[in-house]
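The chain below stands alone and is given as structure tokens, in the form predicted on its own.
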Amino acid sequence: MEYYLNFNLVWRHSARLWWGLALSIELAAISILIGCVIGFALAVVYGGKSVILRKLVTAYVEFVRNVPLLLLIYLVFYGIPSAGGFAYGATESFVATLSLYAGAYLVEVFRAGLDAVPKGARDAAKAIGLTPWGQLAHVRFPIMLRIVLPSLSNAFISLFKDTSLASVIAVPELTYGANWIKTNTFRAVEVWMIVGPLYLVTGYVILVALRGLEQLLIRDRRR
């Protein structure tokens, strides 16, 4: 049986793809921001003196990193509300899951970044009488941020691609929109021929934008 490509039916519903793409970017942006807060806070906790807290951070990181993201999505959306007797929306559930997932990976990124702060900078901060929190806020954090920016860029692009999994709990992002069009038009080949390049081009644009931001920060540092 011959198959003829027909993009007209797909373009008729293209608004679902554009809105889905915008939501995918938004989900990734919110998740990376919350993930950064989680990752940095736990990296600071891990660098402290409490052995118990360090073990708890390690347990969290190992659990999240060794469980498939899809399983975490089901656990947070179906498992926790069922056990706790409450409910929340699919979008909120996915953002929480993706943020926890990002936070587990970013702990190691921030921890390595804090360790890479030059000893001379840390000694200088102590010499001028800054408290430990002052050293962290005014010296270690700004330097660490410049060190980890390339890793944060990669994490953001990875999270953008991971948003496609939100379709399994009916969050109307890009893949969900594509599935809706495929189901209602029976044009599976055409819709995936459009959605694939959409992910590719958007990921590349995000990468170029973030690399430009990195170069801008490097130039400011040299002034």
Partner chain sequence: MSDTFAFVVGTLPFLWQGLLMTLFVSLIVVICSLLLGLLVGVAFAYASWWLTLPLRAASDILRGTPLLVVIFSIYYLLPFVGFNLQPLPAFLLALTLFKTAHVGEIARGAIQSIAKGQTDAGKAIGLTFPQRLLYVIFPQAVRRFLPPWINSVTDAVKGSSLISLVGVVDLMLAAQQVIGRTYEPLPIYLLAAAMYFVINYCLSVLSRRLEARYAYIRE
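Positions refer to the first chain, counted from 1. A quick note: this is a predicted structure, and the numbers were derived from the prediction, not measured.
The same protein also has a form predicted together with its partner chain, omitted here; what follows describes it.
- For residue 216, no non-hydrogen atom is located within 4.5 Å of its partner chain in the model of the complex, even though that partner is not displayed.
- In the model of the complex, no heavy atom of residue 51 sits within 4.5 Å of its partner chain.
- Not displayed here, its partner chain is approached by residue 192 to within 4.5 Å at the level of heavy atoms in the model of the complex.
- Although the partner is absent here, residue 141 sits far enough away that none of its heavy atoms falls within 4.5 Å of its partner chain in the model of the complex.
- Listed residues 145, 75, 96, 90 were compared with its partner chain in the model of the complex; 75 is the one with a heavy atom within 4.5 Å.
- 188 is the sole member of 188, 45, 30, 170 with a non-hydrogen atom lying within 4.5 angstroms of its partner chain in the model of the complex.
- With its partner chain left out of view, the stretch that reaches within 4.5 Å of it through heavy atoms in the model of the complex is, among 147-155, 133-141, 111-119, 75-83, 75-83.
- For the stretch 55-85, the set of residues having any non-hydrogen atom within 4.5 angstroms of its partner chain in the model of the complex comprises 62, 63, 65, 66, 67, 68, 70, 71, 74, 75, 78, 79, 80, 82, 83, in sequence order.
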